[in-house]
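What follows is a single chain, given as structure tokens, in the form predicted on its own.
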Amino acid sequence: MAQRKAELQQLIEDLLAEARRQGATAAEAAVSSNAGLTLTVRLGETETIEHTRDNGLGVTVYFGHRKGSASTSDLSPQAIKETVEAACNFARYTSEDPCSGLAEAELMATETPDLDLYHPWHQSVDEAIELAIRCEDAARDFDPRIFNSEGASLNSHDGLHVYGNTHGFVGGYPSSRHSLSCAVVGKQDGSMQRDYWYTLSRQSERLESPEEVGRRAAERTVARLNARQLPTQQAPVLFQADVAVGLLRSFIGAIRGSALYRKASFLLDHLERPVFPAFVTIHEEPHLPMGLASAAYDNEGVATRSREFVRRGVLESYVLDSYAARKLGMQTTGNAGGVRNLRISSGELDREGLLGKMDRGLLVTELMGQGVNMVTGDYSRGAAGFWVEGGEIAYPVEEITIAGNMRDMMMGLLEVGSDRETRCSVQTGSWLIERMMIAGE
């Protein structure tokens, strides 16, 4: 891997030199090389096995404030030269944009610490198939009401990414990502339901066992059988942790620079204003060892650092790359490419504790549709989950819609659970919202 990294870094340096030779005043480029295994088993039989190996290169050149980009999957010297030439031709004919250009040179990362992101999984195809079969068998054997399966899938991918620009910055790092998932179908009294579970990590040893993944997929499916509708009402809503991740992503989308300079965000002009209750702090940790979004620099080479977007409920920072920062008259926050290992402060109650605190209301375990209006904050999603009475799950519910406004939902957040969702780069516990509209029968 070290030799391959050196080869790609040299490729980037040669490409940037070629861009200069063709007249570009500045340039940046990124190249990636990935390999992996994806397979699926269903009903005990292997359905698909796919080995992947691909390369990709993208280059952006600047002629003053004119910008051109091109990409290729062919890393041969001739293809790279032609790609640079295509980007330069585009730049010569685009209109000037005073906000375009590389991020400022003084913001470039000067250190690239080892963040422990590369853990290849040395397994044969037969061993991988066996793991997937064990996973599906555990789900199918869990309960006689499990009568069908959508299969179990195993994914294992390694990659190497290198970025460089004409400020003299060139950096790269290898990474790995592995996952195992299962989805099954249950039936009882004419009711059919489907649910799933998965585990994901950079290190295979940290994955849940195949039996645990299968068991949880089946357990979730069986729990949803004989679901009912609810009468239309207002009630407290508890978003289970893996569902609450979407709420946190929507908040980040509302403070992203591209939405703000277009004036297309419900949090426009909310900097240094309360947007959550005072117990909420939201921050990113880009240097977290083995983190799913860890990186020492962003997609423009800018050094990353820990940052609080919300402190004690108050919006402290937007999410900016260099272009958005210039449009807003601000400085990049080192978030080109997104936030890295986002966290929200948690309380002491787990999901069961939050159910007790809610006493009576709706536990949401699945959302359907894309019902968030980022301009107004209006929120409306199809949902499924469980009705709660006396702090205990009473029965499963389906075919309902929950609605509110993101601003009200954020300020109406009563508590964030300790049951942190750890299978993605945005981590949160369950969210207990004071009140939302539930549309049912």
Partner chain sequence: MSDLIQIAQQTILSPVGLAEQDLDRMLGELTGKGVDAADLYFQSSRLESWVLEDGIIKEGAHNIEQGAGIRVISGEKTGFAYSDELQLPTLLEAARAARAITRSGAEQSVRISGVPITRQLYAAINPLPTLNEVEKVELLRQLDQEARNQDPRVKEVIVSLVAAHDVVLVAAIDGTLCADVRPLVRLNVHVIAEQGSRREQGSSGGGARESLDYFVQQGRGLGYAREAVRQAMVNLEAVDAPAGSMPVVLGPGWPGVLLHEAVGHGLEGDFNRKGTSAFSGRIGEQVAAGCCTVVDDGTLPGRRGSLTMDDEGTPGQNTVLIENGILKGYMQDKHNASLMKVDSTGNGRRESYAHLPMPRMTNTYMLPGKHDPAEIIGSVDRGLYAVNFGGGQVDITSGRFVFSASEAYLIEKGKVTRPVKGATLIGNGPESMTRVSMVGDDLKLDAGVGVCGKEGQSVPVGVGQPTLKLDELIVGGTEQ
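Positions refer to the first chain, counted from 1. What you see is a predicted model; the values in this text were computed from it and never measured.
The form predicted together with the partner chain is left out here; the points below concern that form.
Though the partner is left out of this view, R273 does not reach within 4.5 Å of the partner chain in the model of the complex, counting heavy atoms only. Contact check for A30: no non-hydrogen atom falls within 4.5 Å of the partner chain in the model of the complex. In the model of the complex, the partner chain lies farther than 4.5 Å from every heavy atom of A303. Within 4.5 Å of any heavy atom of the partner chain in the model of the complex lies no heavy atom of M1. Residue-level contacts in the model of the complex: of L200, A105, M368, M330, one residue has a heavy atom within 4.5 Å of the partner chain, and it is M368.
Contact annotation: of the candidates E111, E96, D189, E205, the single residue with a non-hydrogen atom within 4.5 angstroms of the partner chain in the model of the complex is E96. The stretch in contact with the partner chain in the model of the complex, judged by heavy atoms within 4.5 Å, is 74-82, chosen from 282-290, 339-347, 74-82, 245-253. For the three marked residues, N226, L238 and L432, no heavy atom of any sits within 4.5 Å of the partner chain in the model of the complex. Contact residues in stretch 53-71 (any heavy atom within 4.5 Å of the partner chain, taken in the model of the complex) are R53, D54, N55, K67, G68, S69, A70, S71.
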